[in-house]
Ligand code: LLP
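The chain that follows stands alone, in the form predicted on its own, written as C-alpha coordinates.
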(Lines give C-alpha, C1' and ligand atoms only; values in the text may rest on other atoms or scores of the structure.)
Protein backbone atom coordinates (compact mmCIF):
# COMPACT_ATOMS: atom_id res chain seq x y z
CA UNK A 1 0.00 0.00 0.00
CA UNK A 2 1.33 3.42 -0.96
CA UNK A 3 2.51 5.64 1.91
CA UNK A 4 2.95 9.37 1.15
CA UNK A 5 6.21 11.06 2.01
CA UNK A 6 6.01 12.60 5.47
CA UNK A 7 7.08 16.14 6.31
CA UNK A 8 10.36 15.02 7.88
CA UNK A 9 11.49 13.37 4.65
CA UNK A 10 10.46 16.39 2.58
CA UNK A 11 12.30 18.75 4.94
CA UNK A 12 15.40 16.58 4.82
CA UNK A 13 15.36 16.60 1.01
CA UNK A 14 14.93 20.38 0.98
CA UNK A 15 17.85 20.84 3.38
CA UNK A 16 20.06 18.42 1.44
CA UNK A 17 19.40 19.63 -2.09
CA UNK A 18 18.21 23.20 -1.49
CA UNK A 19 15.04 24.83 -2.70
CA UNK A 20 13.13 25.02 -4.88
CA UNK A 21 13.29 21.29 -5.55
CA UNK A 22 11.01 18.79 -7.26
CA UNK A 23 10.52 15.50 -5.43
CA UNK A 24 8.94 12.46 -7.11
CA UNK A 25 7.81 9.40 -5.16
CA UNK A 26 8.50 6.24 -7.18
CA UNK A 27 6.14 4.20 -5.02
CA UNK A 28 3.22 6.44 -5.99
CA UNK A 29 3.99 6.04 -9.70
CA UNK A 30 3.98 2.27 -9.23
CA UNK A 31 0.71 2.48 -7.30
CA UNK A 32 -0.96 4.44 -10.10
CA UNK A 33 0.24 1.99 -12.75
CA UNK A 34 -0.95 -0.94 -10.68
CA UNK A 35 -4.41 0.63 -10.48
CA UNK A 36 -4.55 0.55 -14.27
CA UNK A 37 -3.26 -2.98 -14.74
CA UNK A 38 -5.46 -4.36 -11.98
CA UNK A 39 -8.59 -2.67 -13.32
CA UNK A 40 -7.91 -3.92 -16.86
CA UNK A 41 -7.11 -7.50 -15.88
CA UNK A 42 -8.73 -9.66 -18.53
CA UNK A 43 -8.85 -6.83 -21.08
CA UNK A 44 -6.43 -6.83 -23.99
CA UNK A 45 -4.97 -3.42 -23.17
CA UNK A 46 -1.62 -1.68 -23.50
CA UNK A 47 -0.60 1.44 -21.59
CA UNK A 48 1.82 4.00 -23.00
CA UNK A 49 3.07 6.63 -20.56
CA UNK A 50 2.61 10.06 -22.18
CA UNK A 51 6.09 11.28 -21.35
CA UNK A 52 5.40 14.92 -22.24
CA UNK A 53 4.22 15.11 -18.60
CA UNK A 54 7.74 14.40 -17.28
CA UNK A 55 10.71 13.23 -19.33
CA UNK A 56 13.48 12.84 -16.77
CA UNK A 57 15.43 9.78 -17.91
CA UNK A 58 15.59 8.21 -14.43
CA UNK A 59 11.80 8.50 -14.12
CA UNK A 60 11.39 6.96 -17.57
CA UNK A 61 13.69 4.06 -16.64
CA UNK A 62 11.61 3.45 -13.55
CA UNK A 63 8.35 3.52 -15.50
CA UNK A 64 9.86 1.08 -18.01
CA UNK A 65 10.79 -1.23 -15.12
CA UNK A 66 7.10 -1.39 -14.18
CA UNK A 67 6.27 -2.88 -17.58
CA UNK A 68 4.74 0.26 -19.04
CA UNK A 69 5.22 1.39 -22.65
CA UNK A 70 5.81 5.02 -23.67
CA UNK A 71 4.02 7.62 -25.80
CA UNK A 72 6.06 10.43 -27.36
CA UNK A 73 4.99 13.78 -28.82
CA UNK A 74 8.25 14.67 -30.58
CA UNK A 75 11.09 12.83 -32.21
CA UNK A 76 13.38 14.04 -29.42
CA UNK A 77 11.13 12.36 -26.87
CA UNK A 78 11.54 9.19 -28.97
CA UNK A 79 15.32 9.50 -28.70
CA UNK A 80 15.06 10.03 -24.93
CA UNK A 81 12.79 6.97 -24.65
CA UNK A 82 15.33 4.86 -26.51
CA UNK A 83 18.09 6.15 -24.23
CA UNK A 84 15.94 5.16 -21.25
CA UNK A 85 15.90 1.59 -22.60
CA UNK A 86 12.46 1.28 -24.19
CA UNK A 87 12.30 -1.11 -27.13
CA UNK A 88 11.10 0.53 -30.37
CA UNK A 89 8.04 -1.72 -30.44
CA UNK A 90 7.04 -0.31 -27.05
CA UNK A 91 7.31 3.31 -28.20
CA UNK A 92 4.41 5.21 -29.77
CA UNK A 93 5.06 8.47 -31.62
CA UNK A 94 1.90 10.51 -32.12
CA UNK A 95 2.77 13.36 -34.43
CA UNK A 96 1.22 16.83 -34.34
CA UNK A 97 1.84 19.33 -37.12
CA UNK A 98 5.42 18.17 -37.63
CA UNK A 99 7.76 18.09 -40.60
CA UNK A 100 7.65 14.80 -42.49
CA UNK A 101 11.35 14.35 -41.77
CA UNK A 102 10.45 13.52 -38.15
CA UNK A 103 8.17 10.75 -39.35
CA UNK A 104 10.95 9.43 -41.58
CA UNK A 105 13.27 9.33 -38.58
CA UNK A 106 10.60 7.52 -36.55
CA UNK A 107 10.36 4.89 -39.30
CA UNK A 108 14.15 4.48 -39.29
CA UNK A 109 14.01 3.97 -35.52
CA UNK A 110 11.27 1.35 -35.90
CA UNK A 111 8.67 2.82 -33.53
CA UNK A 112 4.88 2.85 -33.73
CA UNK A 113 3.53 5.96 -35.46
CA UNK A 114 0.23 7.84 -35.43
CA UNK A 115 -0.20 10.44 -38.19
CA UNK A 116 -2.47 13.44 -37.65
CA UNK A 117 -2.79 15.13 -41.08
CA UNK A 118 -3.85 14.18 -44.59
CA UNK A 119 -0.72 15.90 -45.89
CA UNK A 120 1.69 13.70 -43.94
CA UNK A 121 -0.46 10.63 -44.52
CA UNK A 122 -0.08 11.12 -48.27
CA UNK A 123 3.67 11.66 -47.95
CA UNK A 124 3.83 8.52 -45.84
CA UNK A 125 1.93 6.59 -48.51
CA UNK A 126 4.25 7.78 -51.26
CA UNK A 127 7.33 6.85 -49.22
CA UNK A 128 6.32 3.57 -47.61
CA UNK A 129 3.06 2.34 -49.15
CA UNK A 130 2.01 -0.90 -47.43
CA UNK A 131 5.51 -1.62 -46.10
CA UNK A 132 5.26 0.09 -42.70
CA UNK A 133 2.16 -0.14 -40.48
CA UNK A 134 0.74 3.17 -39.29
CA UNK A 135 -2.02 4.57 -37.13
CA UNK A 136 -4.06 7.70 -37.78
CA UNK A 137 -5.15 10.31 -35.27
CA UNK A 138 -8.73 11.47 -35.76
CA UNK A 139 -10.52 14.64 -34.67
CA UNK A 140 -13.89 13.45 -33.33
CA UNK A 141 -15.69 16.75 -32.59
CA UNK A 142 -16.09 15.87 -28.89
CA UNK A 143 -15.76 18.60 -26.27
CA UNK A 144 -14.04 17.19 -23.20
CA UNK A 145 -11.43 18.09 -20.62
CA UNK A 146 -11.04 20.45 -17.70
CA UNK A 147 -11.07 23.62 -19.82
CA UNK A 148 -10.65 24.73 -23.43
CA UNK A 149 -6.86 24.95 -23.14
CA UNK A 150 -6.63 21.23 -22.42
CA UNK A 151 -9.44 20.07 -24.71
CA UNK A 152 -8.12 18.54 -27.93
CA UNK A 153 -11.12 16.81 -29.51
CA UNK A 154 -13.49 19.70 -30.29
CA UNK A 155 -14.27 20.82 -33.83
CA UNK A 156 -11.85 23.79 -33.77
CA UNK A 157 -8.91 21.81 -32.40
CA UNK A 158 -5.66 21.57 -34.36
CA UNK A 159 -5.25 17.90 -33.45
CA UNK A 160 -6.01 15.00 -35.75
CA UNK A 161 -7.75 14.47 -39.09
CA UNK A 162 -11.45 15.48 -38.89
CA UNK A 163 -13.66 12.42 -39.13
CA UNK A 164 -15.73 14.14 -41.82
CA UNK A 165 -12.65 13.71 -44.04
CA UNK A 166 -13.02 9.93 -43.84
CA UNK A 167 -13.46 9.62 -47.60
CA UNK A 168 -10.13 11.34 -48.17
CA UNK A 169 -8.45 9.01 -45.69
CA UNK A 170 -9.95 6.00 -47.44
CA UNK A 171 -8.86 7.34 -50.84
CA UNK A 172 -5.26 7.52 -49.60
CA UNK A 173 -5.57 4.05 -48.06
CA UNK A 174 -6.63 2.64 -51.43
CA UNK A 175 -4.20 4.71 -53.52
CA UNK A 176 -1.11 3.70 -51.55
CA UNK A 177 -2.35 0.37 -50.15
CA UNK A 178 -1.64 1.74 -46.67
CA UNK A 179 -1.45 -0.70 -43.77
CA UNK A 180 -3.49 1.26 -41.22
CA UNK A 181 -3.30 -0.81 -38.05
CA UNK A 182 -4.60 1.70 -35.51
CA UNK A 183 -7.16 4.44 -34.95
CA UNK A 184 -6.35 7.08 -32.34
CA UNK A 185 -8.51 9.70 -30.61
CA UNK A 186 -7.43 11.84 -27.66
CA UNK A 187 -10.11 14.29 -26.53
CA UNK A 188 -8.32 16.21 -23.77
CA UNK A 189 -7.07 16.19 -20.20
CA UNK A 190 -8.84 16.01 -16.84
CA UNK A 191 -11.63 13.80 -18.20
CA UNK A 192 -13.72 12.51 -15.32
CA UNK A 193 -16.73 11.34 -17.33
CA UNK A 194 -16.11 7.75 -18.41
CA UNK A 195 -18.78 8.12 -21.09
CA UNK A 196 -16.43 10.42 -23.03
CA UNK A 197 -14.23 7.39 -23.70
CA UNK A 198 -17.31 5.42 -24.70
CA UNK A 199 -18.17 8.11 -27.28
CA UNK A 200 -14.71 7.51 -28.72
CA UNK A 201 -15.39 3.76 -28.74
CA UNK A 202 -18.66 4.33 -30.61
CA UNK A 203 -16.79 6.27 -33.30
CA UNK A 204 -14.29 3.42 -33.61
CA UNK A 205 -17.18 0.96 -33.89
CA UNK A 206 -18.54 2.82 -36.91
CA UNK A 207 -15.15 3.23 -38.57
CA UNK A 208 -13.64 -0.23 -37.98
CA UNK A 209 -15.12 -1.91 -41.09
CA UNK A 210 -13.30 0.57 -43.32
CA UNK A 211 -9.85 -0.55 -42.15
CA UNK A 212 -9.14 -4.23 -42.88
CA UNK A 213 -5.69 -4.19 -41.22
CA UNK A 214 -6.94 -2.66 -37.97
CA UNK A 215 -5.32 -4.12 -34.84
CA UNK A 216 -5.58 -1.53 -32.06
CA UNK A 217 -7.99 1.18 -30.94
CA UNK A 218 -6.18 4.01 -29.17
CA UNK A 219 -8.46 5.94 -26.80
CA UNK A 220 -5.80 8.42 -25.72
CA UNK A 221 -5.45 9.48 -22.12
CA UNK A 222 -6.52 12.43 -20.05
CA UNK A 223 -7.70 10.61 -16.92
CA UNK A 224 -8.62 13.08 -14.20
CA UNK A 225 -6.58 13.14 -11.02
CA UNK A 226 -7.91 14.76 -7.82
CA UNK A 227 -6.33 18.11 -6.92
CA UNK A 228 -8.59 19.12 -4.05
CA UNK A 229 -9.58 17.26 -0.90
CA UNK A 230 -12.57 14.95 -1.45
CA UNK A 231 -12.30 15.45 -5.22
CA UNK A 232 -12.76 12.31 -7.31
CA UNK A 233 -10.68 11.24 -10.29
CA UNK A 234 -11.69 9.08 -13.24
CA UNK A 235 -13.33 5.82 -12.16
CA UNK A 236 -10.77 3.49 -13.74
CA UNK A 237 -12.61 0.33 -12.69
CA UNK A 238 -15.82 1.52 -14.35
CA UNK A 239 -13.88 2.49 -17.46
CA UNK A 240 -12.31 -0.97 -17.65
CA UNK A 241 -15.71 -2.68 -17.38
CA UNK A 242 -17.18 -0.54 -20.15
CA UNK A 243 -14.15 -1.04 -22.38
CA UNK A 244 -14.35 -4.79 -21.85
CA UNK A 245 -18.00 -4.70 -22.88
CA UNK A 246 -17.38 -2.67 -26.04
CA UNK A 247 -14.50 -4.94 -27.09
CA UNK A 248 -16.86 -7.90 -26.72
CA UNK A 249 -19.32 -6.06 -28.97
CA UNK A 250 -16.57 -5.56 -31.58
CA UNK A 251 -15.81 -9.28 -31.46
CA UNK A 252 -19.46 -10.30 -31.75
CA UNK A 253 -20.15 -7.88 -34.61
CA UNK A 254 -16.99 -8.10 -36.67
CA UNK A 255 -15.56 -11.43 -35.55
CA UNK A 256 -12.31 -9.71 -34.63
CA UNK A 257 -10.58 -9.09 -31.31
CA UNK A 258 -9.05 -5.64 -31.04
CA UNK A 259 -6.44 -4.43 -28.61
CA UNK A 260 -7.14 -1.15 -26.78
CA UNK A 261 -4.38 1.37 -26.09
CA UNK A 262 -4.31 4.17 -23.52
CA UNK A 263 -1.80 6.98 -22.99
CA UNK A 264 -1.84 8.04 -19.32
CA UNK A 265 0.61 10.81 -18.52
CA UNK A 266 -0.57 13.01 -15.67
CA UNK A 267 -2.35 10.00 -14.15
CA UNK A 268 0.96 8.24 -13.53
CA UNK A 269 3.18 11.06 -12.29
CA UNK A 270 1.11 14.05 -11.15
CA UNK A 271 0.29 12.91 -7.62
CA UNK A 272 3.80 11.48 -7.26
CA UNK A 273 5.40 14.92 -7.52
CA UNK A 274 5.84 17.78 -5.05
CA UNK A 275 7.55 21.14 -5.50
CA UNK A 276 9.15 22.44 -2.30
CA UNK A 277 9.83 26.18 -2.09
CA UNK A 278 11.05 28.43 0.70
CA UNK A 279 9.30 31.60 1.84
CA UNK A 280 11.49 34.60 1.10
CA UNK A 281 9.35 37.48 2.33
CA UNK A 282 6.03 38.28 3.96
CA UNK A 283 4.20 41.43 2.87
CA UNK A 284 0.79 42.91 3.58
CA UNK A 285 -1.41 45.45 1.89
CA UNK A 286 -4.89 46.65 2.75
CA UNK A 287 -6.50 43.37 1.74
CA UNK A 288 -3.92 40.61 1.41
CA UNK A 289 -1.13 38.80 3.23
CA UNK A 290 1.50 37.87 0.67
CA UNK A 291 3.87 34.94 1.14
CA UNK A 292 6.59 35.33 -1.47
CA UNK A 293 8.50 32.15 -2.27
CA UNK A 294 11.75 31.44 -4.11
CA UNK A 295 9.94 30.04 -7.15
CA UNK A 296 7.46 31.25 -9.75
CA UNK A 297 5.66 30.28 -12.92
CA UNK A 298 9.10 29.63 -14.37
CA UNK A 299 8.97 26.44 -12.25
CA UNK A 300 5.24 25.71 -11.97
CA UNK A 301 3.19 27.48 -14.62
CA UNK A 302 -0.07 25.56 -14.26
CA UNK A 303 -1.83 27.97 -11.84
CA UNK A 304 -1.19 30.93 -14.17
CA UNK A 305 -1.61 29.03 -17.44
CA UNK A 306 -4.61 26.83 -16.64
CA UNK A 307 -5.98 28.44 -13.44
CA UNK A 308 -5.02 25.11 -11.93
CA UNK A 309 -5.41 24.43 -8.23
CA UNK A 310 -2.55 22.91 -6.25
CA UNK A 311 -2.86 22.08 -2.59
CA UNK A 312 -0.21 23.94 -0.58
CA UNK A 313 1.01 22.96 2.88
CA UNK A 314 3.36 24.64 5.29
CA UNK A 315 5.55 21.80 6.52
CA UNK A 316 7.63 24.00 8.82
CA UNK A 317 4.89 25.22 11.16
CA UNK A 318 2.14 22.61 10.97
CA UNK A 319 0.47 23.23 14.33
CA UNK A 320 0.21 27.02 14.14
CA UNK A 321 -3.08 28.92 13.91
CA UNK A 322 -4.60 29.25 10.44
CA UNK A 323 -4.32 32.50 8.49
CA UNK A 324 -4.99 33.34 4.85
CA UNK A 325 -2.09 33.97 2.48
CA UNK A 326 -1.78 34.85 -1.16
CA UNK A 327 1.19 32.76 -2.28
CA UNK A 328 3.25 34.44 -5.00
CA UNK A 329 6.50 33.90 -6.83
CA UNK A 330 9.70 35.90 -7.17
CA UNK A 331 9.85 36.65 -10.88
CA UNK A 332 9.05 39.95 -12.54
CA UNK A 333 5.55 39.02 -13.66
CA UNK A 334 2.29 38.35 -11.90
CA UNK A 335 2.81 34.76 -10.80
CA UNK A 336 0.23 33.96 -8.17
CA UNK A 337 0.07 30.35 -7.03
CA UNK A 338 -2.96 30.81 -4.77
CA UNK A 339 -5.24 33.58 -3.52
CA UNK A 340 -6.29 33.82 0.13
CA UNK A 341 -5.23 30.25 0.88
CA UNK A 342 -5.74 29.09 4.51
CA UNK A 343 -2.37 27.94 5.88
CA UNK A 344 -0.78 27.47 9.29
CA UNK A 345 0.95 30.76 10.11
CA UNK A 346 3.73 31.32 7.59
CA UNK A 347 7.10 32.71 8.61
CA UNK A 348 10.02 33.80 6.47
CA UNK A 349 12.17 30.71 5.90
CA UNK A 350 9.27 28.26 6.12
CA UNK A 351 8.99 25.49 3.54
CA UNK A 352 5.82 25.34 1.44
CA UNK A 353 4.96 22.21 -0.52
CA UNK A 354 2.98 22.43 -3.77
CA UNK A 355 1.33 19.03 -4.12
CA UNK A 356 0.30 17.14 -7.23
CA UNK A 357 3.04 18.84 -9.23
CA UNK A 358 4.64 15.85 -10.93
CA UNK A 359 3.07 16.50 -14.34
CA UNK A 360 3.73 19.58 -16.47
CA UNK A 361 5.63 21.25 -13.65
CA UNK A 362 9.34 20.92 -14.29
CA UNK A 363 8.55 19.93 -17.87
CA UNK A 364 7.13 23.39 -18.63
CA UNK A 365 9.84 25.14 -16.63
CA UNK A 366 12.04 27.89 -18.05
CA UNK A 367 14.96 30.16 -17.20
CA UNK A 368 12.80 33.28 -17.33
CA UNK A 369 14.39 36.19 -15.44
CA UNK A 370 17.63 34.18 -15.73
CA UNK A 371 16.44 32.05 -12.82
CA UNK A 372 17.82 28.55 -12.39
CA UNK A 373 15.74 25.46 -13.04
CA UNK A 374 15.40 23.48 -9.79
CA UNK A 375 16.93 20.15 -8.92
CA UNK A 376 14.88 16.96 -9.30
CA UNK A 377 14.91 14.14 -6.74
CA UNK A 378 13.41 10.65 -7.04
CA UNK A 379 12.51 9.03 -3.72
CA UNK A 380 12.87 5.32 -4.35
CA UNK A 381 13.47 2.34 -2.06
CA UNK A 382 13.32 4.60 1.02
CA UNK A 383 16.12 6.77 -0.30
CA UNK A 384 16.33 10.14 -2.04
CA UNK A 385 18.22 10.08 -5.35
CA UNK A 386 19.31 13.25 -7.16
CA UNK A 387 18.20 12.78 -10.79
CA UNK A 388 18.89 16.28 -12.09
CA UNK A 389 21.23 18.90 -10.71
CA UNK A 390 20.05 22.42 -10.08
CA UNK A 391 21.14 24.86 -12.77
CA UNK A 392 24.28 26.86 -12.22
CA UNK A 393 25.32 30.17 -13.74
CA UNK A 394 27.25 28.37 -16.48
CA UNK A 395 24.00 26.73 -17.62
CA UNK A 396 22.57 30.16 -18.45
CA UNK A 397 25.54 30.94 -20.71
CA UNK A 398 25.57 27.55 -22.43
CA UNK A 399 24.91 27.72 -26.18
CA UNK A 400 25.10 31.51 -26.23
CA UNK A 401 27.57 33.01 -28.70
CA UNK A 402 29.03 36.27 -27.41
CA UNK A 403 29.86 38.87 -30.05
CA UNK A 404 32.56 41.48 -29.52
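Keep in mind it's a predicted model, so treat the numbers as computed, not measured. Numbering follows the first chain given and starts at 1.
The same protein also exists as the form predicted together with the ligand; that form is not shown, yet it is the one meant from here on.
**Student:** Where, among 372-380, 28-36, 359-367, 341-349, do residues come within 4.5 Å of the ligand in the predicted complex by heavy atom distance?
**Tutor:** It is 359-367 that comes within 4.5 Å of the partner.
**Student:** Name the residue from 124, 223, 261, 325 that puts a heavy atom within 4.5 Å of the ligand in the predicted complex.
**Tutor:** Checking each option against the ligand in the predicted complex, the one that comes within 4.5 Å is 223.
**Student:** Give me the residue from 100, 205, 254, 306 that has a heavy atom within 4.5 Å of the ligand in the predicted complex.
**Tutor:** Here the answer is residue option 306.
**Student:** Answer yes if any heavy atom of residue 265 is within 4.5 Å of a heavy atom of the ligand in the predicted complex; otherwise answer no.
**Tutor:** Yes, contact at 4.5 Å.
**Student:** Tell me, yes or no, whether residue 299 is in contact with the ligand in the predicted complex, where a contact means a heavy atom of each within 4.5 Å.
**Tutor:** No.
**Student:** Do residue 64 and the ligand share at least one heavy atom pair within 4.5 Å in the predicted complex?
**Tutor:** Residue 64: no contact with the ligand in the predicted complex.
**Student:** Please check if residue 192 has a heavy atom lying within 4.5 Å of any heavy atom of the ligand in the predicted complex.
**Tutor:** Residue 192: no, not in contact with the ligand in the predicted complex.
**Student:** Taking the ligand in the predicted complex, which residues of 59-86 have any heavy atom within 4.5 Å of it?
**Tutor:** Going through 59-86 in order - heavy atoms within 4.5 Å of the ligand in the predicted complex - there is one hit, 71.
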